[in-house]
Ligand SMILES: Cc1cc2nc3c(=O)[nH]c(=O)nc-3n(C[C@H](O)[C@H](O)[C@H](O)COP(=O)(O)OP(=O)(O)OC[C@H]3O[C@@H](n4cnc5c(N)ncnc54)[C@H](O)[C@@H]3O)c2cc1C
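One chain comes next, on its own, written as structure tokens: the form predicted on its own.
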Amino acid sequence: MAKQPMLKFVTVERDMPEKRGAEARRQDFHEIYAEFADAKAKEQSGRCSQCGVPYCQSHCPLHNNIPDWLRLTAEGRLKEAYEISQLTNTFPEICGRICPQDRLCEGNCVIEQSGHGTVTIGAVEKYITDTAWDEGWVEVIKPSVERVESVGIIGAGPGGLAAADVLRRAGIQVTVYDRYDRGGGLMTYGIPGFKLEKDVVMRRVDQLEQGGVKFVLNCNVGVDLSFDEIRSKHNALLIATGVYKSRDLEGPGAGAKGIVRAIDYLTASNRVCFGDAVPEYESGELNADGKRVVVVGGGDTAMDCVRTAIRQGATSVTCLYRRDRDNMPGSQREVANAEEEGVKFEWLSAPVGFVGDPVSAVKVQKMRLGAPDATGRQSPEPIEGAIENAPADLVIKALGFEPEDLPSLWNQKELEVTRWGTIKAEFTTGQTAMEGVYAVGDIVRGASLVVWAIRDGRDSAAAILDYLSTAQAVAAE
């Protein structure tokens, strides 16, 4: 009788892929976790309890068939595991790297709740698809039938690319328009290489391009091409621009030189990693080398900034967050990695002003947590008289992102938006009030996770296919 490969969580402890030492990883932008070896991936997959109600799957935005591909991995049926994995997820190897598994699948693992330590779902997900690429199992998109209808997609981030993949596989002619010179959106220019190496993103963009998706890059919609021009070229249009407008800091001196936006800072760093010439980096404007750096914010973007500054050679890196560690929105795993690498966290701290121009210090107000707000989180309150100066040569604003005013930028007053500036769109389909125009991802949700953008892109692509098929049937009558 064959040995049961599953239910090993009682005898086999949770294990993660080997993590490079903090000193070594401070020196470069390579990913910090090694790949699982085949035997280790099988062993860790075999810890899955194959429970009747898989909370890991239900708490995944894509509802990935996690128990199925864990079992197939444990049995050594890796190609089948890959095929099951990619049925529900356009970019499994990307989600395996950057999803906050501790808040999603792994955080809801049944054996974690029973005290045995969660299955390392993200690491196995990454391993499966990386192996698929190495073995040549990831194929160029080859639609069985070519259709005449075309869809335009504004934005080459995860939502736009996920939709492009689904539509192209159905034979739709797809054109993606993007403001940057490379596809991938924030996966390319926002997320640092130590979390997501850029060849991982570029090979997906190449796969789409080889499969017939057309990319129109360096295209600023509303300037280089009007919204109406793009809409007139296609049978349907999908808006997947993301949110790029940075929330600002207030207080005396907030306009001083040396106070920069996180998106500008991270984009410059990622461009340098591509080998691009970046004048703002060379001049020191967007370079932390030899500087005392203060990052303001407590989300994943703030974690990306502090860890980037360490790698650029900052003399000190401090993160200011107005709540405590337990109430921060960013991944606790990322905070731990940052601390290992030398980042100092100042909890219950908020900037109220800045000294010097160029900046030389941040005036920091110490806070305490008061009564819960409408969301249930305790609201930070200032402690009277508790203000101190934190030395700083570079201050990075990582307070989150808001939507740009697309109706004005694109001269589309009928494009309805919410009171937060996000586009009004139907749940699951992404249909807007404009005929044949859909919207997905952060431009609908507000700043959110890559995995949610992928989910939205896939759902909306299915709705667009229904819309095109209905229009085709009506035209045939």
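Numbering starts at 1 and runs along the sequence shown. Predicted model, so just to flag it, every value in this text is computed and none were measured.
This next part talks about the form predicted in complex with this ligand, which is not shown.
K.L.:
By the heavy atom within 4.5 Å rule, which residue out of Y180, F227, Y281, F345 makes contact with this ligand in the model of the complex?
P.N.:
Spelling it out, the residue with a heavy atom inside the cut-off is Y180.
K.L.:
Go through S269, T301, T129, S349 and name the one with a heavy atom inside 4.5 Å of this ligand in the model of the complex.
P.N.:
The option sitting close enough to the partner is T301.
K.L.:
Would you please decide whether I423 lies within 4.5 angstroms of this ligand in the model of the complex, comparing each non-hydrogen atom pair?
P.N.:
So I423 does not count as contacting this ligand.
K.L.:
Hey, in the model of the complex, is A41 touching this ligand, heavy atoms inside 4.5 Å?
P.N.:
Output for A41 is no: heavy atoms all beyond 4.5 Å of this ligand.
K.L.:
Just to confirm, K195 within 4.5 Å of this ligand in the model of the complex by heavy atoms?
P.N.:
K195: contacts this ligand in the model of the complex.
K.L.:
Can any non-hydrogen atom of N220 be found within 4.5 angstroms of this ligand in the model of the complex?
P.N.:
Contact with this ligand, yes.
K.L.:
Would you point out which of 423-431, 24-32, 44-52, 437-445 contains residues with a non-hydrogen atom within 4.5 Å of this ligand in the model of the complex?
P.N.:
Among the listed stretches, the partner-contacting one is 437-445.
K.L.:
Taking heavy atoms and a 4.5 Å limit, what residues of 154-182 are near this ligand in the model of the complex?
P.N.:
The stretch touches the partner through I154, G155, A156, G157, P158, G159, G160, Y177, D178, R179, Y180.
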